[in-house]
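Just the one chain here, laid out as structure tokens, in the form predicted on its own.
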């Protein structure tokens, strides 16, 4: 399988706060999700028994044939995590709010564009020279979507000219609730990445950005010709933040992640994204709280004030999980 990255793709702008006059204006978040689930009924699986989930008669819940039901939240998501669980540690609402603020000033904008450009090529139907042979709608999942930025960018910039259905999955209910603020046709799901609540072969593309990967689970939910895009930190990723803690050897963890990918994925293509982002004073305050590298820790204010830029260094890997 040969995956080709376009050299000079043209992108549409990804705007965090863009407001478009469209059909969403008079539709509640809950109604939007109900509509998305109704038009794509063969995707979700019950987290309790694995049976297919369908909308209830009143469309207020997803239920399986064995009577397990999961309510659709007013905020426009469905919790399929089951009893207990959820994100722990630094991954609280404040963490994801700071991530959204960082995304808002464009920290990962260039990276999101490169990922979406690759996804657009991969999602093209076979008859137009792309990878996908499936008849009907093409489905893409952002697994470990957090507050939804990359899933949103994917839905905005990766349309291949065919019907696409987009899903976002994360362990954190707070993050998913925040993701529903995006004006996009994305079905937001709270669920376990190790046991994703989806039918076998449901997706043509699974995206996993700077998040723990469950390669066996990804293989199960990918279609026969489906592709995984895994995004890893490069050796210099956010090196300025690591320097605040006196840690300039962050490449070791990235190196371990790359070795893990080689053991669990048949890599077809790689690409690197590396750039610097200049920082304004108000942006510096957000950064330490938006990454687990420094979240929950108080950086030296003098050192933080001295930051003038931050490095984004990512590796995009595309292929099939083994």
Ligand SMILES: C[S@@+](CC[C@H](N)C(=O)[O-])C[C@H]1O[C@@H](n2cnc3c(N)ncnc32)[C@H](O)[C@@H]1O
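Keep in mind that what you see is a predicted model, and the values were worked out from it rather than measured. Positions refer to the first chain, counted from 1.
This protein has a second form, the form predicted in complex with this ligand, left out of what is shown; the following refers to that one.
Undergrad: Can you tell me if residue 145 lies within 4.5 angstroms of this ligand in the predicted complex, counting non-hydrogen atoms only?
TA: Result yes; residue 145 sits at the interface with this ligand in the predicted complex.
Undergrad: Residue 91 versus this ligand, in the predicted complex: is there a non-hydrogen atom within 4.5 Å?
TA: Yes, residue 91 sits close enough to this ligand in the predicted complex that at least one of its heavy atoms falls within 4.5 Å.
Undergrad: Would residue 212 count as a contact of this ligand in the predicted complex, using a 4.5 angstroms cut-off between non-hydrogen atoms?
TA: Yes, residue 212 sits close enough to this ligand in the predicted complex that at least one of its heavy atoms falls within 4.5 Å.
Undergrad: Can any non-hydrogen atom of residue 139 be found within 4.5 angstroms of this ligand in the predicted complex?
TA: Contact with this ligand, no.
Undergrad: Where does this ligand sit in the predicted complex: which of 220-228, 72-80, 166-174, 237-245, heavy atoms within 4.5 Å?
TA: In short, 166-174.
Undergrad: Between the options 292, 50, 256, 41, which residue brings a heavy atom to within 4.5 Å of this ligand in the predicted complex?
TA: Result of the distance check: 292.
Undergrad: Can you work out which of 109, 183, 192, 157 has a heavy atom no more than 4.5 Å from this ligand in the predicted complex?
TA: The residue from 109, 183, 192, 157 that makes the contact is 192.
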